[in-house]
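A single chain, nothing else alongside it, follows as structure tokens in the form predicted on its own.
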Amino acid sequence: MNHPSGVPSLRRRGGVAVPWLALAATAIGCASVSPERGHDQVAALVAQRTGHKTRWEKGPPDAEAIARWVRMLTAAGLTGDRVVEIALVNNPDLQSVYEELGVSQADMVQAGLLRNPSFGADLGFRVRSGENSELRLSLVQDFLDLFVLPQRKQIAQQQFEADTLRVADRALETATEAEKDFLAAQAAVELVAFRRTVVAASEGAFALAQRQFDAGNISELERATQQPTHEQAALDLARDEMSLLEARERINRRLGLWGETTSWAFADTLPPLPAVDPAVDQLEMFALQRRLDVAVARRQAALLAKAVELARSTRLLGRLEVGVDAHQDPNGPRVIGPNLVIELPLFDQRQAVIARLEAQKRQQERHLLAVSIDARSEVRVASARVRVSRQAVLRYRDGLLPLRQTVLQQTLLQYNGMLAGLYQLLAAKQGEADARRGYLESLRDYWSARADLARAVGGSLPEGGHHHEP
């Protein structure tokens, strides 16, 4: 509009909407953050391998609802399954890992957004007369974004999928460690219970020796010999009680328990040796197909290969800004037309960016090789540990422990018939205690090795197995 004096009081260039803005909006699509995205995939992967839920399928659950659920489970006593369930939901470190999905999803959404257009305005005033002025308006958009947006979104999507697998892998690791902690605590409970019977027996033997000494039936040397035996049994009990306390606290930390929930009780005992071991044939290939850390490394390598390809294809395309510019000179015609700014790749042809991406790609390929080799090795070691620990359990259960019990029974009979001394009876009892301790520790090691093997092959063992017993 002109000034009433007849000349434009404000000369301006008008920005106009351009069709490619609508095209850009279509390319962006609906870019929004969903709280359950990624969590449902993590939950499905974990449930497939462990049979337990993460309870994060709908995103971060309500803290108070979790607290009530944890109190309900701990009040009923802990079992191996409940320990894993609570760890998947309430482990503090794992909860922070779950939140990484939100960060990754935000990065993915951001990668799918175009840069905002730039709006510019220049206002000029005539200094002397003050009657005429000039306004210049421009609206420009980096047009290169429209070309690379699909590839950029694809890379971001693959990164999000890799992050989802990484979070699921951490959840499986937490479940395995919680299971092993609980097995160790179960073994410690049984060991402490047995140690208490040994202390009670040694205490009774010492009291008996004292009465025999008072009656003049044994010497001072024989009476004094009983006291260190009793003291040693008491020390062994104190050490094992401390081990049990430490095992319980490891579980408390693993499950994120504090306050009243730490007073939980054991609802089941250490399971016996199963008749069947997992099938070990082709376990290495099975692990490479199912392990999530291998899958993450494989995705990362493919992602970097795609990033290198994108960088190479756009190395000669620098900044490309397209827009509209409107301008009217003082007392001149009003003009409007396109605005184009192209960066000339004379010096920077992204050679440094490409070199960096190529190095990262080679680095990731080597990392994939290392992870695969480690996975195979871990499977072999865990398989060997399962096999060796099973043999140890069988030797204790079917060999050493029955023999020690037989020796104890026969010694007791001879002691009652005054054919054996008190020292022999206590030595037989100590031998049985050592055998039982070895049996419990080897049984704990077997289940721990089995949990490690499940972890080494991707979270669960294949169906079927080898029968070792009729």
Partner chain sequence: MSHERKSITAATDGETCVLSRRALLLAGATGGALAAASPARGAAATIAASPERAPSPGRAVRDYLPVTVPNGAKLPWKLVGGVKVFHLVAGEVDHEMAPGLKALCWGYNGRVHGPLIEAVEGDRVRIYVTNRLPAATTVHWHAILTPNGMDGVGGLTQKAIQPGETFKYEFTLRQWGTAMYHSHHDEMTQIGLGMTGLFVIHPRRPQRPVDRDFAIMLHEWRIDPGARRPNPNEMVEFNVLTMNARAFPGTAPLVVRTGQRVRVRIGNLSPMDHHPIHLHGHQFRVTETDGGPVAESAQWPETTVLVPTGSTRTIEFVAHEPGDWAMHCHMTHHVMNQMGHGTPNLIGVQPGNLDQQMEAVVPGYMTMGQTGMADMADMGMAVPANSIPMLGGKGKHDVITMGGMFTVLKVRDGIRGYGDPGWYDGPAGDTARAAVADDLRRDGIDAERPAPVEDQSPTG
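Residue numbers count along the first chain shown, from 1. Rigid core: the largest C-alpha set superposing within 1.5 Å between the two forms. On a predicted model such as this, the values are computed, not experimentally measured, just so you know.
Here the subject shifts to the form predicted in complex with its partner chain, a form of this protein not shown in this document.
Check your understanding: Which pick from M72, A267, A215, A106 sits with a heavy atom within 4.5 Å of its partner chain in the predicted complex?
Key -> Contact with its partner chain in the predicted complex is made by A215 alone.
Review point. Among the candidate residues A238, A355, A207, L316, which is the single one with a non-hydrogen atom no more than 4.5 Å from its partner chain in the predicted complex?
Key: For this set of options, the contacting one is A207.
Review point. For the chain shown here without its partner, which stretch in 34-42, 54-62, 398-406, 426-434 has non-hydrogen atoms within 4.5 angstroms of its partner chain in the predicted complex?
Key: Of the options, only 426-434 has residues within 4.5 Å of the partner.
Review point. Among A87, M242 and N252, does every residue place a heavy atom within 4.5 Å of its partner chain in the predicted complex?
Key: Per the other structure, none of A87, M242 and N252 touch its partner chain.
Check your understanding: Taking heavy atoms and a 4.5 Å cut-off, does G421 contact its partner chain in the predicted complex?
Key -> Taking the distances in the predicted complex, the answer for G421 is yes, it comes within 4.5 Å of its partner chain.
**Study point:** its partner chain contact at A200 in the predicted complex, heavy atom, 4.5 Å
**Key:** Yes.
Practice item. Answer yes if any heavy atom of R115 is within 4.5 Å of a heavy atom of its partner chain in the predicted complex; otherwise answer no. Key: Contact check for R115: no, nothing within 4.5 Å of its partner chain in the predicted complex.
Point to revise | R211: touches its partner chain in the predicted complex, heavy atom cutoff 4.5 angstroms | key: Judged by the heavy-atom cut-off of 4.5 Å, R211 is in contact with its partner chain in the predicted complex.
Check your understanding: When you overlay the rigid core, is the Cα of A44 off by 2 Å or more between the shown form and the other one?
Key -> No: A44 shifts by under 2 Å between the shown form and the other one.
Check your understanding: Comparing between the shown form and the other one on the rigid core: C-alpha of W69 shifted by 2 Å or more?
Key -> No; W69 is a residue whose C-alpha shifts by less than 2 Å between the shown form and the other one when the cores are overlaid.
Exercise for review: Look at P60 and decide if its Cα position differs by 2 Å or more between the shown form and the other one after superposing on the rigid core.
Suggested key: Stays below the 2 Å threshold, so no.
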